[in-house]
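Given as structure tokens, the chain that follows is alone and in the form predicted alone.
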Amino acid sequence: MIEEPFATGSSIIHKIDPRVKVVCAVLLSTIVALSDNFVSIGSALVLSLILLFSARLNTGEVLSKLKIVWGFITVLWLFLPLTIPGETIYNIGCLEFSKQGLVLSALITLKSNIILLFFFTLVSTMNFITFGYVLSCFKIPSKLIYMLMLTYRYIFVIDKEYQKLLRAVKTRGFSPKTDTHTYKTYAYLIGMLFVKASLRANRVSNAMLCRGFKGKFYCLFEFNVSKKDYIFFGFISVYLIFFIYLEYCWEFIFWI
């Protein structure tokens, strides 16, 4: 099964209506992605940390998820200051590090981490099946949603089939090398995986039809917007106004 370490809990964030959380996550992520003001981005970082502690998520799990992005960000810090033209602030031989490149790297670092924290606290605090039903509430095409949910359900099954095929070729003495035999073996392996996936899909389809499936999944979770959901959405709305104020008015006030 695909791990969902943040889906279960009894925090305030877990009890918020999933539709409200998805809307808030999209709004917050959008304004942060479009921002280029360190003051407003700093306020978003504070909010993301407040939501993180309110959701009572495991800090170690959160950091382990963020590390995946940090590797990409490290590459940006190595190349952007060297490739973005601007004011040179440091030299190493013929290499010149520009101020504009460093500023852009810092912006990308902050924004990517803040957006991930928003999604960890607001979207990852519901299971994937619930998220699928939330998408249907926003008129996302049903076929796309069902394909997404079935892919989530069976992706690890296909991975098990792949591991079985890989063990089978290894027990026959296969050792990967950079030669034609290795490439042909992996091509046969992938082809057989597609064949098994097709056979599995036919069996699953027949099983669903035998159980009366008529092209629709029914949600056992009842969505109900309560008073606390309105309060939470109101809080996020006030923050959005405050963020826009910081984004567009802070420099003007500071100049005055």
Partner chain sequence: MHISEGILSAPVLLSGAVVSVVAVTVGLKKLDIDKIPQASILSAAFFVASLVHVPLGPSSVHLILNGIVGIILGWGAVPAIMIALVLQGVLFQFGGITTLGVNTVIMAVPAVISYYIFKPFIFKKNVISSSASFACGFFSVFLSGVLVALFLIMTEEGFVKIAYGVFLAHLPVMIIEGFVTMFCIGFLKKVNPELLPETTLCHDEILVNDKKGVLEGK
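These figures come from a predicted structure and were not determined experimentally. In this text, rigid core is short for the largest set of C-alphas that superpose within 1.5 Å between two forms. Residue numbers count along the first chain shown, from 1.
Unshown form predicted together with its partner chain; subsequent notes refer to it.
A187 is the sole member of V46, V225, A207, A187 with a non-hydrogen atom within 4.5 Å of its partner chain in the model of the complex. Out of the listed residues S136, T130, S98, S112, S112 is the one that sits within 4.5 Å of its partner chain in the model of the complex by at least one heavy atom. Its partner chain is not drawn, but in the model of the complex it has a heavy atom within 4.5 Å of G191. Residue contact check for S29: one or more of its heavy atoms lie within 4.5 Å of its partner chain in the model of the complex. Using a 4.5 angstroms threshold between heavy atoms, L34 counts as touching its partner chain in the model of the complex. Using a 4.5 Å cutoff between non-hydrogen atoms, S198 counts as a contact of its partner chain in the model of the complex. Shown without its partner, the chain has L104, I108, K111, S112, I115, L116, F119, F120, V123, S124, F128, F131 in segment 104-139 as residues with a non-hydrogen atom within 4.5 angstroms of its partner chain in the model of the complex. The Cα shift for K67 between the shown form and the other one, taken after rigid core superposition, is smaller than 2 angstroms. S205: CA moves 2 Å or more between the shown form and the other one after rigid-core fitting.
Core-aligned CA deviation for V39 between the shown form and the other one: less than 2 Å.
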